[in-house]
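Below you'll find only one chain, the form predicted on its own, shown as structure tokens.
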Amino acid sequence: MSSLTVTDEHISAKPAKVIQPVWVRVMHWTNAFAMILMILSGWQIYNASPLFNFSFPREYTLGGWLGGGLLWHFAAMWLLMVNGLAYLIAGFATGRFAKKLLPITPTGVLHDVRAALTFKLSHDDLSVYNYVQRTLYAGIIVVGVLIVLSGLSMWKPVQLHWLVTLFGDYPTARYVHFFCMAAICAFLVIHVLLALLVPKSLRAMIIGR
């Protein structure tokens, strides 16, 4: 009577599930890099003509002066626009946005917000976004589109006068641009905090699994 012995060599290890594909990771970190450059150089530009009764600390700005800030801002702008547009096209074309970000319901958002505030929000399956994540990610896409459009209207107010008119006038476009920047900064803070609270989500955005 013979017996069958199963050894480790005969057991094929199941590969780890891919959470974030390569194209998402590359575009994510490219967007992060470009956005940081945009924010720091934008603060330098803001300081030259503040909208409110405060200025950003010089050590947290990029460019050294108005001209330098503008150069950095325009350079990062093209990187952000090209990469952001590619991300939007890929997100819609692959169905990733529909799969990851929808549906979003008020009941689901309120439920997950309560769970998050009591530290009971589950993160067992990173491939499925909870309603808090869906709302934040969908919202930041809208904010990203607004900040680009308002930025373009400020950059070329004569050539793109129709875009300025869309915002009402040039000063209003500046305010929209500022508050969109503030929203992005708030998002980045929350995003980083969530990554620190759920380290495996950061690992997935680095190695994909």
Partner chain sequence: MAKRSFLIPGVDKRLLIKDSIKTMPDVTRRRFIAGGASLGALTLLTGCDVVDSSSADALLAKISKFNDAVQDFIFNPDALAPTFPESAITKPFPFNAYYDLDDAPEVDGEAWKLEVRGLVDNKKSWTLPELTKLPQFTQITRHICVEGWSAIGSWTGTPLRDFLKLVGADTRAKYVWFQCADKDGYNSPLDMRTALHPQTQMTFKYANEILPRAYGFPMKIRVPTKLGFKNPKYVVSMEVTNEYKGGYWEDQGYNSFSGS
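The shown structure was predicted, so the numbers you read here are calculated from the model rather than taken from an experiment. Positions refer to the first chain, counted from 1.
What comes next is about the form predicted in complex with the partner chain, which does not appear here.
- Residues of just one listed stretch (176-184, 23-31, 151-159, 136-144) have heavy atoms within 4.5 Å of the partner chain in the model of the complex: 151-159.
- Though the partner is left out of this view, residue 129 does not reach within 4.5 Å of the partner chain in the model of the complex, counting heavy atoms only.
- At least one heavy atom of residue 66 is located within 4.5 Å of the partner chain in the model of the complex.
- Contact check for residue 121: every heavy atom lies farther than 4.5 Å from the partner chain in the model of the complex.
- Taking the partner from elsewhere, residue 92 is found to have every heavy atom lying beyond 4.5 Å of the partner chain in the model of the complex.
- Interface residue among 71, 86, 102, 115, judged by heavy atoms within 4.5 Å of the partner chain in the model of the complex: 71.
- Scanning 72-90 for heavy atoms within 4.5 Å of the partner chain in the model of the complex gives 72, 74, 75, 77, 78 in sequence order.
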